[in-house]
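What follows is a single chain, given as structure tokens, in the form predicted alone.
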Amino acid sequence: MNSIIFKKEIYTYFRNLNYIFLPLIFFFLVISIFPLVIGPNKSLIAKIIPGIIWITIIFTSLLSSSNFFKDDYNNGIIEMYLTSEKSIEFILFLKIIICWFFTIFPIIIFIPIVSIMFNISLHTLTTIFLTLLLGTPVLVSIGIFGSALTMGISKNNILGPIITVPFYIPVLIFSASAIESVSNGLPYDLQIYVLLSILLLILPTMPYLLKYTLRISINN
């Protein structure tokens, strides 16, 4: 059953390529707007672009996960998962990983292109890349949790982000701190270890939290 669900999730993204390309297009559109607003000050742009990247990633994650369970809820698949004898936790874990891989990971791959566009140093680029690899799975997990929490509400487009954005703040703080430290020539190991700890805490426990959240949403 797990292999069937895995193939179904993969097929869903390839059947509707908007799930893959819309976040990527949205990211580059937002990144491209900032230099037009700020002006030709290259030193200022190079200084603030890491923060812009992270803020844009947050909005992209919200865009990708806001209605994550909508189709499964409308088709009755959620009820089937909850009543199945198979482990729904593993199914939810697969859905989180696949969502991250197809919506956020393509953006991470294109970060070197952004570094060339805005003259980001190699050390800063490495830190941005590392913080994104550690932090974005957490963002996706929390975004999916917000989608599950508001799944039964008809108008949840605003409520979901309101609930989830405050939980993004620790990831954003430690990621920005790591990037600032490497820019100033300071060690940033502590921030990376904190991000890794958050990832190792959220990723394994989120499927269990999602299971009970979906059950409550279905019952209500």
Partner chain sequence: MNISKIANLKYFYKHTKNVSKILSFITFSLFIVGIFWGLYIAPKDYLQGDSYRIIYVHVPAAWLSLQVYIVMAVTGFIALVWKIKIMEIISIQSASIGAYFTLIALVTGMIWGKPTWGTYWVWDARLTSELILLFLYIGIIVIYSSFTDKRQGAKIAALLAIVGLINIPIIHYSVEWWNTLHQGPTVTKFEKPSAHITMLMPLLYMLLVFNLYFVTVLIKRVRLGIFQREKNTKWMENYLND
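On a predicted model such as this, the values are computed, not experimentally measured, just so you know. Positions refer to the first chain, counted from 1.
Omitted from view is the form predicted in complex with the partner chain, to which the following refers.
A.B. asks: Quick check on P170: any heavy atom within 4.5 Å of the partner chain in the predicted complex?
C.D. replies: Looking in the predicted complex, residue contacts with the partner chain include P170, since a heavy atom lies within 4.5 Å.
A.B. asks: Quick check on W100: any heavy atom within 4.5 Å of the partner chain in the predicted complex?
C.D. replies: No - in the predicted complex, heavy atoms of W100 and the partner chain never come within 4.5 Å of each other.
A.B. asks: State yes or no: in the predicted complex, is some non-hydrogen atom of I55 no more than 4.5 angstroms from a non-hydrogen atom of the partner chain?
C.D. replies: No, I55 sits far enough from the partner chain in the predicted complex that none of its heavy atoms falls within 4.5 Å.
A.B. asks: Please run the contact check for S183 against the partner chain in the predicted complex: heavy atoms, 4.5 angstroms, yes or no?
C.D. replies: Judged by the heavy-atom cut-off of 4.5 Å, S183 is well away from the partner chain in the predicted complex.
A.B. asks: Please pick, from I107, L134, L149, I120, the one residue with any non-hydrogen atom lying within 4.5 angstroms of the partner chain in the predicted complex.
C.D. replies: It is L149 that has a heavy atom within 4.5 Å of the partner.
A.B. asks: Within 4.5 Å of the partner chain in the predicted complex, do S66, F69 and Y193 each have at least one heavy atom?
C.D. replies: No: none of S66, F69 and Y193 comes within 4.5 Å of the partner chain in the predicted complex.
A.B. asks: For the stretch 191-219, I need every residue with any heavy atom inside 4.5 Å of the partner chain in the predicted complex, listed N to C.
C.D. replies: Stretch hits, in order: Q191, L209, Y212, T213, I216, S217, I218, N219.
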